[in-house]
Every structure is written in structure tokens, then in C-alpha cells.
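Let's start with one chain on its own, the form predicted on its own, as C-alpha cells.
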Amino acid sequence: MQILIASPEVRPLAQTGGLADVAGSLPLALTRLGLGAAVIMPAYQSVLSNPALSFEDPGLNFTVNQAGENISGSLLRGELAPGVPAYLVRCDRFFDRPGFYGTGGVEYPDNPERFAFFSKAVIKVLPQLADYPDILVGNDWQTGLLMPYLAVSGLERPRGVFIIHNQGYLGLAPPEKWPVLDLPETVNTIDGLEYFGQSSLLKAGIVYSRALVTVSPSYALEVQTPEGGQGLDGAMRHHAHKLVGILNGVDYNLWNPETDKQITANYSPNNLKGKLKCKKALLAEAGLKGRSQRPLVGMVGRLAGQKGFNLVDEASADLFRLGLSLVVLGSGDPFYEGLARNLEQRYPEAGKVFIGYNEALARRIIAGSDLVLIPSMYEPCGLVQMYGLKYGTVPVVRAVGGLNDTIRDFAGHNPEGRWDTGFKFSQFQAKALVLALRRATELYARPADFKAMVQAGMKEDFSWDNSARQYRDLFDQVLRA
């Protein structure tokens, strides 16, 4: 079985978030199961200019017709890992830009054209690949058009599987952009791409895929509700027969406190001395002196409405009364970046905010914190809580999506000797957040019990192997159908 994974970003080639982690790790896990796997993504400016990456240009040129115009492109070849091909779709007109999707927090206005071109190009170059795929996997709205393009192509293979990493990003195209999508008008209906007067590229993937995946079982249920469906809950219920939730995995070759070279000291479940060194180093880096005996809370991720930082801001006075320290790393919406900066100004002795994306610092925060806070409004899967578990950093999360699926809420006692792994709260309210952190700080004040929870979390296994087996079984079903 040959699998081609099309994604707008793939670690380590290009990354803005967790999607790249999945697109970079899943093909390796599938290969370990004996499947053939490859990835294909746009040839962004940053990828082509990276001296650490090596891609050859074998002269595989093509043209794509878009709204009556022939646009030229080419296919570059390389490897994601030994035995795992990586392909880049090059078109300088669309991808030779400083940002993947936009700059300065503003999306490129021609994103529908850019990713329509990419999707058409993927279909166009299939015969030029080393191994013709049986399954073509799309990821999020940027590849949603792959599914209707496959449907109208008349091809028996590959068959399309579409993964939704975040249904909050709909990939909307206004009516005047419809001609560049080059699809029949009959497709732009309520049962097709139409979304409140516009066209949704994400909905294209939902409607026209052979199978539909969300990145956790709980999220598969949530997207079928008005609260979690982002206006597509009706479509999700209609296509529920082909919907499955498969939890993302973690690559423990990359995320492991025993081997991580980017943290201050290494440590293991049986020897946690290095974690205390990481904490002291993080406090020093954040300028929070004299607080090593207090619980240290870390937050790592996008600063956006989805991530719940407004709850932290609203609850800040009550949170700091608990005696904790807070270190935040993130970037995103200017409004939430402003909230974060303001919080640091109000509590300089207890809080530190780093604005930006910095993986090395993210690792130091996850390793050095006692608790990792994820108060998301919704969370399709989440990887930070799984990183936290591995690094002995107890998660405090809202019980949604993958956060709910991966954390066992501490009930106050563990009579059967199977320690729970974190703390959950249900309501998207500041008061609920404070109560969860209060429970966590109370356990922190009982060092032996807190250590037992830390060690239980470090022994959890969310490796890719189990998830990859579920994908393999799904692909089998799609090919048999």
C-alpha cells in the first residue's frame, strides 16, 4: 500500500504548529508498519533557501489551468527520512513569499488561488512520483480541494482521506473567487462547498473525501454539535458514517527528557534531579528569582481566542494569590499578545511573557515547569499536554477534544494505585480555571503525592505506533470499499 500525504507544512521542512508535527511523524510511523509513505507540500521560500535541506530539480515541469490561465510549476524531489520521499510543488508566483499563509497577521488575499493551484498540481504530478499512491491524504483547508478534484478526475486510485486538525479554520473563498477553483457550479451548493454565501475549502474535504478523520475521538463528537462545528455541524452529522477520531501521536525520538539536548539537564522518571535544575534555570531566564519553592506554571502555544488566554487574564488576581509563578510563550492575535504583555506588567514579580515562536524555549518551559496550563475553548487534539506528561510537567486542562482524551483527572485519591495524570475543568470560565489550579497547587504541597503523579504521567505512552495502526486499518477499509 502506497500513501501520499499532502500537507501545507511538514516538520522539519516548514512548521507553524502541530499540523507539521503530524505530517512529519505519520509517514515515518506508517513506514515502520511496512507501508510505503511519502509527503508533498508547497516549495516555500524558506524551504528553498534553507541550506540544511537538499532537494533536486529533475526537470519535472507541468502547467495548471486556473480560470483560463496556464500557470507553470515544477516538482522537486528529496527525502523526509531514508526511504520516505518528500516532494515540493514549486511555483514562485504563489510560494516565493516570506510567509506560508500571510505576513504581519494578515492572510494573503490570493490564498484560494495558491492552494487551489497546489491541489491541482498534486493531482497533475501523480504519474511522476516514484510510487503511485493508493491513498491520498489531505490535511486541513489548504488541501481540501484535493478531494473534489479527485472526485471529478475519474481516477480509481488514489482514494482520498481527509484529516481535520482544526475545524475553526474554514478556508473561505468569496463568490468572486469561485472561477479560480475550476469546479462545476453544481458543486457550490449547500450539499457541496457553499458556506453562508462563500465557499469553504475545508468543507470541500469533508464532503468529497472517501473517509474523514479528526485528530481525537472526543473532537469527532464535538464537531457534530452547534457549539463545536463552526457552522459545519450539519455537514459533519451528514457525513458521520465516514468519520473517525484518531488521536495524534508523539515522536518520542524528538520529545524525550532523557535525551533532549535543548534543555538544561536530562532526567528520567526514576531520577528527577535534572528537572529541578531545569526549573531553576527557567526561573533565572524569566527573571523570577527566589521562587523555586513555588509551583511554576508554563503555557506554550498560539495566543488566540481558541486557546483561552482571556480566562488567564480574567483570573490573574486569583491565580497569583495561589502563590504560583507563570511563564508564557506564544504569538498570534495582536489583541491576545497585548493581554499577555499587560499581565506581565501587572505582575512582574510572578509572571513572564515571551512573544514569538521558539521551539528551544518551548522545550525549556515544558521541562522547567511543574504544571502546564491549557485552558482551550476547544482543542482538536493538542500535543503540549502529551509533551508535558513525558517531561513530568502535570497538565491542567479544559476537558475538551484531545485534552479530555489524554488526561485522567485527579479525583483526590487513587485507591487502586493507578495514579491520575492531571487536572481538568469543564466550564469555559475563569472561576473553573482557578479551582483546577487550586487543586493542582494543593497536590504540589504534598511532595510525595505530586511526585507520584509526575512519574505516572511520564510512563504514559502516546507514541505514533498505535495511531499509525488505526490509520492503516482505515486505509484498508477505504481500499476495500
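Keep in mind it's a predicted model, so treat the numbers as computed, not measured. Numbers for residues come from their place in the sequence shown, where the first is 1.
Below: the form predicted together with a small molecule, not depicted.
When contacts are defined as a non-hydrogen atom within 4.5 Å, none of Gly205, Lys242 and Asp476 contacts the small molecule in the predicted bound form. The contact residue chosen from Ala86, Val312, Leu383, Leu150 relative to the small molecule in the predicted bound form is Leu383, the criterion being a non-hydrogen atom within 4.5 angstroms. Interface residue among Ala399, Leu254, Leu76, Ala362, judged by heavy atoms within 4.5 Å of the small molecule in the predicted bound form: Ala362.
Per the 4.5 Å heavy atom criterion, the small molecule in the predicted bound form is contacted by stretch 304-312, the sole one of 304-312, 127-135, 105-113, 223-231. Using a 4.5 angstroms threshold between heavy atoms, Gly356 counts as touching the small molecule in the predicted bound form. Contact check for Gly330: a non-hydrogen atom falls within 4.5 Å of the small molecule in the predicted bound form. Although the partner is absent from this view, Gly18 contacts the small molecule in the predicted bound form, with a non-hydrogen atom inside 4.5 angstroms. Although the partner is absent here, Phe118 lies well away from the small molecule in the predicted bound form, with no heavy atom inside 4.5 Å.
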